[in-house]
Structure formats: C-alpha cells, structure tokens
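Below sits a lone chain in structure tokens, taken as the form predicted on its own.
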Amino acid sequence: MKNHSIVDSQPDKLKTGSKKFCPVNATIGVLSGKWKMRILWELQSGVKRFGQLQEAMPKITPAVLSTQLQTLTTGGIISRQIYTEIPPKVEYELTGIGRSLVAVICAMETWGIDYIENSDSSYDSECLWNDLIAN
C-alpha cells in the first residue's frame, strides 16, 4: 500500500534527479531529525568548529553530529571549510539558503507560541529565535 502522508520519503527524489517533488516534503526533509534544527540554531549565530558544536550539544554523539553535518552540507544548507594545518581545522556555517531557513523556523515558532497559548500552557522564552535574531 502506498504511503500518501506529507512526510513520506519524497525528499530522496531530489537526489535521483526527479523533476517533480513536493516542496513541503523537501522542507520537512531538510528540517527533520532530532538534531538538525539544533545544529541550525547553533550556526545561525556564526561560524562554529566541530568541537564547539559538540560542546553546545553534549547529548549528541560525535558520529551522529558528523552524519548530520554531512547531510546538511550535502544539501547545501551549511558549508564546510577545511584548513590545512595540524591539527586539521574545520569550520561550519550556514549558506545563503541555510540562512533563509531562519525565517521558516521563526514562522514555526510563531505558530508554536499561538498553539501553546491556546492550550493554556506556557512556553520557554529562552529558545525563541525571533528574540535572538532581533538582538
């Protein structure tokens, strides 16, 4: 039986050269996963090295961080700059298309605030992107 959900695996079709794909699924594919949005959060403030990202997210394993960074780099969301020195230095930063995701995430934040407030709950103001971007 074919899966017709909005989160099916259509972003994989981008890699196979298919001419038609769902834009919403492409966005979900870029943002989905436990750590991708957290990595984007860390990089939106500027260039970071692997160790800085690891330190900011102590619960992520180095292997998972490496895989997520590779996925975001392959997707053109972040760039990876390698410096030929000993020890090797590698820096990551958002690309232009990666920076454009900040607006998408801010829109998600706005929706989330409305949703939480309508459920008579409160939200953690420490994690607000709009406030961080405004400063």
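Keep in mind the model is a prediction, meaning the values are calculated, not measured. Numbering starts at 1 and runs along the sequence shown.
Another form, the form predicted in complex with the DNA, is not on view; read the next lines as being about it.
*Asks:* At 4.5 angstroms, heavy atoms only, are 76, 99 and 113 all close to the DNA in the predicted bound form?
*Replies:* Result no, not one residue of the spot touches the DNA.
*Asks:* Heavy atoms within 4.5 Å of the DNA in the predicted bound form: does residue 63 have any?
*Replies:* Result yes; residue 63 sits at the interface with the DNA in the predicted bound form.
*Asks:* Is residue 50 near the DNA? Define near as a heavy atom within 4.5 Å, in the predicted bound form.
*Replies:* Yes, residue 50 lies within 4.5 Å of the DNA in the predicted bound form.
*Asks:* Would residue 45 sit within 4.5 Å of the DNA in the predicted bound form, counting heavy atoms only?
*Replies:* No - in the predicted bound form, heavy atoms of residue 45 and the DNA never come within 4.5 Å of each other.
*Asks:* Heavy atoms within 4.5 Å of the DNA in the predicted bound form: does residue 38 have any?
*Replies:* The answer is no: residue 38 has no heavy atom within 4.5 Å of the DNA.
*Asks:* Which of these residues, 57, 105, 90, 26, gets a heavy atom within 4.5 Å of the DNA in the predicted bound form?
*Replies:* Of the candidates 57, 105, 90, 26, 90 is the one lying within 4.5 Å of the DNA in the predicted bound form.
*Asks:* Residue by residue through 25-46, tell me which have a non-hydrogen atom within 4.5 angstroms of the DNA in the predicted bound form.
*Replies:* Those in contact are 33, 34, 35.
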